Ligand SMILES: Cc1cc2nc3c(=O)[nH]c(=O)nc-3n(C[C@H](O)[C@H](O)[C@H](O)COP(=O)(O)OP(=O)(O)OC[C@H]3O[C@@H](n4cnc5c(N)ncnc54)[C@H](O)[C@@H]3O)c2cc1C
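First, one chain by itself in structure tokens, the form predicted on its own.
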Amino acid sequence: MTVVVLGGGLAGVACAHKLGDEGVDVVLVDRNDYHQFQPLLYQVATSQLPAEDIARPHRTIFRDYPSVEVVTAHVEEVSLADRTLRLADGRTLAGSHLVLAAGSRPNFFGVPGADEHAFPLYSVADAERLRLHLQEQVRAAGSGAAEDDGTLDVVVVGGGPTGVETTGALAELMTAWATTGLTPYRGQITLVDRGDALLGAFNKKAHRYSLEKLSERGATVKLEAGVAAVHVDRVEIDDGTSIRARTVVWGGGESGSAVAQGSGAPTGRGGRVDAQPDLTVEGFPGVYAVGDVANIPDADGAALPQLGSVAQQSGTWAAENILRERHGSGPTPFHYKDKGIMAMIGRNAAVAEVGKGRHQVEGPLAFAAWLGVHASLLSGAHSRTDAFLTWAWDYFDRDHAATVEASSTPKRIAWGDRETDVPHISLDERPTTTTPRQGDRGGATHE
């Protein structure tokens, strides 16, 4: 038995880990040589963490797993019928089982100019591009760029966790730039969303809390407003108004990866592969779909949200179903253990809904919930999570302006990894984007 896993994100790594624990031969394929921890991308983009801290090489993760082979390559074609991958270098990989865990890509919904001018935030490379762009804007402002030309102004599209967390971090960063004298003035951050509330998946109390905290930090929130077009110096709103900004961060939606959409698998909402309750793909024996690439049904048949915990648990469950097949029994339906939903709105501000009744907590208690979930997700990539816990509590507890990389080095998470464990992060390639085949979810959450 050889299992081919396409994608080295939370779902793919969890699947390979579980199979590797049982000595099953696994070939893990990803175009990057590293696993990226998407929930912290916004901190890389706002100079609060170096990119290397949330990107760990796959070979390091699986160093002690002799049955797991890591292949870094671009996949040209996926054949579900015979469970094979054709790579860009001409090789073909085949397995007794194929696990689609190829993740997601930004969905611009056909908005003119968005693909060209907006900065998505779905990968480490995306976060690095945004960080470097913001530094360019700082230099321009310091060199005399006028305040009214939008040099330091930012529009964030999407009021889900990605948009809210990014807006909060950017607002703090703008304050830090201005108070430290790095820029002559403070840029304006505007969050735009089509919905009537921030964090739409949360309850009304969380809607009010997030709006209040972002407003306290100087951000402007524009709800029930859609983006009509994105230009290099402004964003057009569908009510006929426009917002000046030379930086647009796109957190407005995601779609299944291009390689999965071109595989011939049945796709549904968001261009994602429709998984059956046991995570298999209908009509293709031995093929599983997990994580953000898939529409995974819950007990009532509704698709589960694109969350890191869903990705990780589904990857592990797919591995367990493959092991069941190995031992002569059939796969069983996936049962998701809901750990709640949460968002970091800024230092000393977080909101979470936990428990069966989705009890809302705010502030330090919410941050503790955020911390626990993220530490459990990181445990698949790092053997030591105490370094993350120490760093994160320090980040949350310290009441000071965000670190500005232009003037100092961001505080690192002291993982204690080997110096040779360095990911190869390339900014040369910008991923292919898409317009939707069907309606996608508002906001954005990550695998």
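Note that residue numbering follows the sequence shown and begins at 1. All of these numbers come straight from a predicted model, not from anything done at the bench.
This protein has a second form, the form predicted in complex with this ligand, left out of what is shown; the following refers to that one.
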{"item": "Candidate from L130, A176, V259, A114 lying within 4.5 Å of this ligand in the model of the complex - any heavy atom", "value": "V259"}
{"item": "Answer option from S210, N107, Q306, S263, heavy atom within 4.5 Å of this ligand in the model of the complex", "value": "Q306"}
{"item": "Interface membership of W370, this ligand in the model of the complex, 4.5 Å heavy atom rule", "value": "yes"}
{"item": "4.5 angstroms heavy atom contact with this ligand in the model of the complex for T162", "value": "yes"}
{"item": "Partner contact for L377 in the model of the complex: this ligand, 4.5 angstroms, heavy atom", "value": "yes"}
{"item": "T385: touches this ligand in the model of the complex, heavy atom cutoff 4.5 angstroms", "value": "no"}
{"item": "In the model of the complex, segment of 324 to 332, 263 to 271, 308 to 316, 232 to 240 with a heavy atom within 4.5 Å of this ligand", "value": "308 to 316"}
{"item": "Any residue of 1 to 16 that, in the model of the complex, places a heavy atom within 4.5 Å of this ligand", "value": "L6, G7, G8, G9, L10, A11, G12"}
